[in-house]
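Given next, in structure tokens, is a single chain: the form predicted alone.
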């Protein structure tokens, strides 16, 4: 006979399973409505834009509450409830401080940052509570930086006058990693300082955009373009020597699009693509870990227990989750190696659904559209190229991350901004958005 205690436990588990099953539909509907408002924002007047942003905040807080109710009921850990409350305070403070000190800042970008962070906190809490807490602490510190950056940007007219300083600092940091960096998954990515691991390329990418914008805003004559391209190539070459090919590709594509935006000359684009293709072929010949990633991409099923394990587990997770997901704690995302970083999109797809994951991508696209629209409204060429370059850097990183997860391209090892675990990535993304908000205040 089944004891009363076992019967009650089974009853509780059944009720929890039903609750989780229904919440996945609620979460999708809330996320879908938020995403709809994200694009509706662009077609209404300013007063209605404010109302849309207010609705988005309520939708985000509701999604956050429902998700953490599931997380708490599955763990029954009071620390999860406290962690939820701290996040709510953080989101509200972040939004209110931006409104108070930067009334001309983009409310939509602030909301989207919070929504992407919200999704990241939810998934990280589900995957690893300790890492979620560390991510939250870094986010809180990064928020302080993000509040300061716009004030610096809008008052620093000298930023466009020191492009070679950006290049010198960037090349030095990348070279330091190349010489004394820590190796991870075959690539030298980080350096250790005082017990903390820092990935300099995450910060150099912002300096890199400022360098390219500063040089190309001066002149697009052949000599200046050639010098700028050579300096950009040095950045990429050092990343290749460090075997950080994901960042190398990110830097290369960003510069290529910035060069086209500055010159409107397709010949530069064609020459860049040809050179990039030749460099990719050379990297495949000289780097064994590149060969492994390409082979795993081409046919992961032939070596499913070794080289193809990560991508096959990612595809299994996405397929199992289907359109609406299995629900939080109903999947097995931990079977995917490095799921908190490179493959968090697969975990979102498995437990929250492909449609929910698609909404996350659309929110990222909405951020990119804001960057491009801002670039079009700015009159100063340096500011215009900076906004476009940072937007390109952001959306290319999203494309590389998701493309690797769904087997559209070989895995590159880059993170999904604001969602994946990683302190350097999180701080650099806050800085990136802070620079954009500073440019908004100059309109």
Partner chain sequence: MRKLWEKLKKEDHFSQPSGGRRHPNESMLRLTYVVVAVFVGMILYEGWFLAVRREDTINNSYNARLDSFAERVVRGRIVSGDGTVLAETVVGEDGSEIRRYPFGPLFSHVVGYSSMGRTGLEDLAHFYLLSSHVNLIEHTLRELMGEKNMGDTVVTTLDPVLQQTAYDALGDRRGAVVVLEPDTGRVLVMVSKPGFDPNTVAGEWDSLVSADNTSGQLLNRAAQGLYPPGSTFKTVMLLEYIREHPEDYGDFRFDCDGCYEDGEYAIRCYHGNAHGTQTLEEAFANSCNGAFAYLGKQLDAGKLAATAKELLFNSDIPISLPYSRSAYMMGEDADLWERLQTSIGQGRTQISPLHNALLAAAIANGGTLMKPYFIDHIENAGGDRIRGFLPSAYGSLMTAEEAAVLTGMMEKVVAGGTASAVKSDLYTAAAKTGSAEFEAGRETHAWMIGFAPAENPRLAVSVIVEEGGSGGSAAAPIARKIFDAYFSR
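Values in this document were obtained by computation on a predicted structure and should not be read as measured data. Numbering follows the first chain given and starts at 1.
The same protein has a further form, the form predicted in complex with its partner chain, not shown here; the description that follows concerns it.
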{"query": "Answer range among 111 to 119, 127 to 135, 83 to 91, 359 to 367 for contact with its partner chain, defined in the predicted complex as heavy atoms within 4.5 Å", "finding": "359 to 367"}
{"query": "is_contact(residue 313, its partner chain) in the predicted complex, heavy atom dist at most 4.5 Å", "finding": "yes"}
{"query": "Contact label in the predicted complex: residue 240 to its partner chain, heavy atom within 4.5 Å", "finding": "no"}
{"query": "Residue 257: touches its partner chain in the predicted complex, heavy atom cutoff 4.5 angstroms", "finding": "yes"}
{"query": "Proximity of residue 191 to its partner chain in the predicted complex, heavy atoms at 4.5 Å", "finding": "no"}
{"query": "Selected contact from 148, 175, 294, 220, since only one has a non-hydrogen atom within 4.5 angstroms of its partner chain in the predicted complex", "finding": "220"}
{"query": "Among the candidates 406, 26, 54, 32, the residue which, in the predicted complex, approaches its partner chain to within 4.5 Å (heavy atoms)", "finding": "406"}
{"query": "Output flag, 123, 229 and 270 jointly within 4.5 Å of its partner chain in the predicted complex, heavy atom basis", "finding": "no"}
{"query": "Stretch 377 to 413 - residues with a heavy atom within 4.5 Å of its partner chain in the predicted complex", "finding": "377, 379, 381, 384, 388, 395, 398, 399, 402, 403, 406, 407, 408"}
